[in-house]
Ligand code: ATR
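Okay, here we've got a single chain as structure tokens, the form predicted on its own, with questions on binding and movement later.
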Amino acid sequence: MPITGNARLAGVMAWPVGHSLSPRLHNHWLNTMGIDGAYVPLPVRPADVEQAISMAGRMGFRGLNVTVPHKEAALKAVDEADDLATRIGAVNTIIYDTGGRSHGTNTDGFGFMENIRHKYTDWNFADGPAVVLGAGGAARAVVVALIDAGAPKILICNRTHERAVNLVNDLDGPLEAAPWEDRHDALHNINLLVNTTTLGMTGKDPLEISLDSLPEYSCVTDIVYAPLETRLLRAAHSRGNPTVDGIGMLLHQARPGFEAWFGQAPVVDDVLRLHVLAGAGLSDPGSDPGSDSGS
């Protein structure tokens, strides 16, 4: 529908921002639901983040998504941040009140959990240990979500071991750091394997890991979505493990912000999934192990 002078405004702030799929995602929801609103890309240089976050509220924006490289800076720039964003150490979603004050939260962990639950509705994260590969910002959001979901043990393996140790020390939970070279043998009796690294992404080095010790009931998920079916997911799927690809994390993390800004709860479905994948130049193969899942 055409936007009017009463349109609600939101957007995504990044530098650069041209790669973001969020405008395609949110504007699909706006068009489908007939909402008078717009979601726009906002290229903001790192030096201008604080001013841009403040000005967006004064200009009438209902909210923003914040992505690379601004998530940590946004935590310091918002007027207030909730406990979840503080624990994760980053803000990816900003909601402005009627006075223009900015409230920061982080929905990355929500998106990660909902992506798995979308495909496996009865998956219980408390059923056993989890192994998380990586110790960056995405790993931190995943680990916090797993702690809150009751995972009894979370083993963090990172190429730079010191970063894994720092993550364990920063968060309160059943966490343990393991050397990167131990990742193959760390898979015994686990409930969930998560790759949060860029290994396996198009143009990056491959993720080298043996799944020989992984139980057949363990779920394997990769937050990478280019390619949609990574070599890790293909290997896990071929041996019969439940698998979930990474695009659903992007789709589901967008839901809380959209509802707060535009007043309606959006739905993640196959139509949305295919629409966003097309925007990324990706196809959804019929054999994709995460075909039902989601800045």
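Just count from 1 along the sequence shown to find any residue number. Keep in mind the model is a prediction, meaning the values are calculated, not measured.
Form predicted in complex with the named molecule: not shown, discussed below.
- Highlighted residues Tyr217, His237 and Thr243: none comes within 4.5 Å of the named molecule in the predicted complex, counting any heavy atom.
- Residue contact with the named molecule in the predicted complex: Ala138 places a heavy atom within 4.5 Å of it.
- The named molecule is not drawn, but in the predicted complex it has no heavy atom within 4.5 Å of Asp172.
- Among heavy atoms of Leu199, some come within 4.5 Å of the named molecule in the predicted complex.
- Although the partner is absent here, His103 is not a contact residue: none of its heavy atoms lies within 4.5 angstroms of the named molecule in the predicted complex.
- In terms of contact with the named molecule in the predicted complex, the residue from Arg159, Lys153, Arg117, His184 that brings a heavy atom within 4.5 Å is Arg159.
- Among the residues Asp205, Asp97, Asp83, Glu80, the one placing a heavy atom within 4.5 Å of the named molecule in the predicted complex is Asp205.
- Between 103-111, 189-197, 119-127, 88-96, the stretch whose residues reach within 4.5 angstroms of the named molecule in the predicted complex through a non-hydrogen atom is 189-197.
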